[in-house]
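Presented as structure tokens, the chain that follows is alone, the form predicted alone.
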């Protein structure tokens, strides 16, 4: 049986109290939202914080609201289940709700939060193992060792970003609101990431994600999310891709966005592939040709590594397949694309 290490639990009532509690001790402290990622990582001794600051009792972190300008604010503690069930979010931001729906299982979506999924730790098949397993192997760059088991002689951790909602939020131009030791700040989600599997965010883990802000979508905007995984539930993505298509009044695509995940330490925007779709019209040959070109280009840009479970050559073969299917699903206003 894997047991949690000993730790102190604090239950703040406000965001400011939560941030202060992180800095009250000299040892390591961590925020905990739904606990679906942190708890197993603590059992594996990947993290052994002396203090855990529980966020469930902070009212500001809950709830979904829409402003007069049509923009949405989603509290970081809103569960993935409630994201999926929210009819207004589903209508305005279909790719986000589809991605949330494909995270893990119903039980874990009930506990897991949108903020927790955004701030998810990177994953690697050599890292996300028990302490006994990692000790026998000799550890790795990300935890306790000096060797990368993915790339021989590698000096940089290539553990993969595996958060399904991140690419969807990237295509939607989301902004993230953080509470820090120096007050509040907002940043585009595109500016959050860095190519470092050990910690793939540009902000420290002591900054608290308060809310996700989404601009009002274009008048005729559609989106979809595609997820490759071994099983129809539970699994993290072997490859994920989000698409957004904005349509002009004549039915042509006036703007497009594509973003992939589960390749490297950060979500990967596919700007050149998305640009190929602009000016085309679904239902016409030019759109089908552009989709094929975008899928081919995505396969050239996306090179899966043996950093997560699943054959990386097979994952690479599936990049154009899921890119193609997801773009057609977005154009048709269809549901998520995934293995069942």
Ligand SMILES: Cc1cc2nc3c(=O)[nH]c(=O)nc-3n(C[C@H](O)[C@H](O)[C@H](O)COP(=O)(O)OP(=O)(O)OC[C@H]3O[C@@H](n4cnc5c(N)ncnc54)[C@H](O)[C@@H]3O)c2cc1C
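Positions refer to the first chain, counted from 1. Bear in mind that the values here come from a model prediction, so they are computed numbers and not experimental data.
The next section is about a form of this same protein that is not shown, the form predicted in complex with the named molecule.
Visitor: Wondering, does residue 168 line up within 4.5 Å of the named molecule in the predicted complex on heavy atoms?
Guide: No, residue 168 stays farther than 4.5 Å from the named molecule in the predicted complex.
Visitor: Is it the case that residue 236, even though its partner is missing from this view, gets within 4.5 Å of the named molecule in the predicted complex, heavy atoms only?
Guide: Although the named molecule is absent here, residue 236 would touch it in the predicted complex, with heavy atoms inside 4.5 Å.
Visitor: Quick check on residue 227: any heavy atom within 4.5 Å of the named molecule in the predicted complex?
Guide: Result yes; residue 227 sits at the interface with the named molecule in the predicted complex.
Visitor: Within 4.5 Å, heavy atoms only: does residue 38 come near the named molecule in the predicted complex?
Guide: Close contact exists here: in the predicted complex, residue 38 approaches the named molecule to within 4.5 Å, heavy atoms only.
Visitor: Of these, 192, 83, 72, 209, which has a heavy atom no more than 4.5 Å from the named molecule in the predicted complex?
Guide: Checking each option against the named molecule in the predicted complex, the one that comes within 4.5 Å is 209.
Visitor: Quick one: from 276, 32, 64, 295, grab the residue that has a heavy atom within 4.5 Å of the named molecule in the predicted complex.
Guide: Answer to the contact question: 32.
Visitor: The named molecule isn't shown here, but in the predicted complex, which of 86-94, 103-111, 241-249, 214-222 has heavy atoms within 4.5 Å of it?
Guide: That would be 103-111.
Visitor: At 4.5 Å, heavy atom to heavy atom, what parts of 116-132 sit next to the named molecule in the predicted complex? List them in sequence order, or say none.
Guide: Residues within 4.5 Å: 116, 117, 119, 120.
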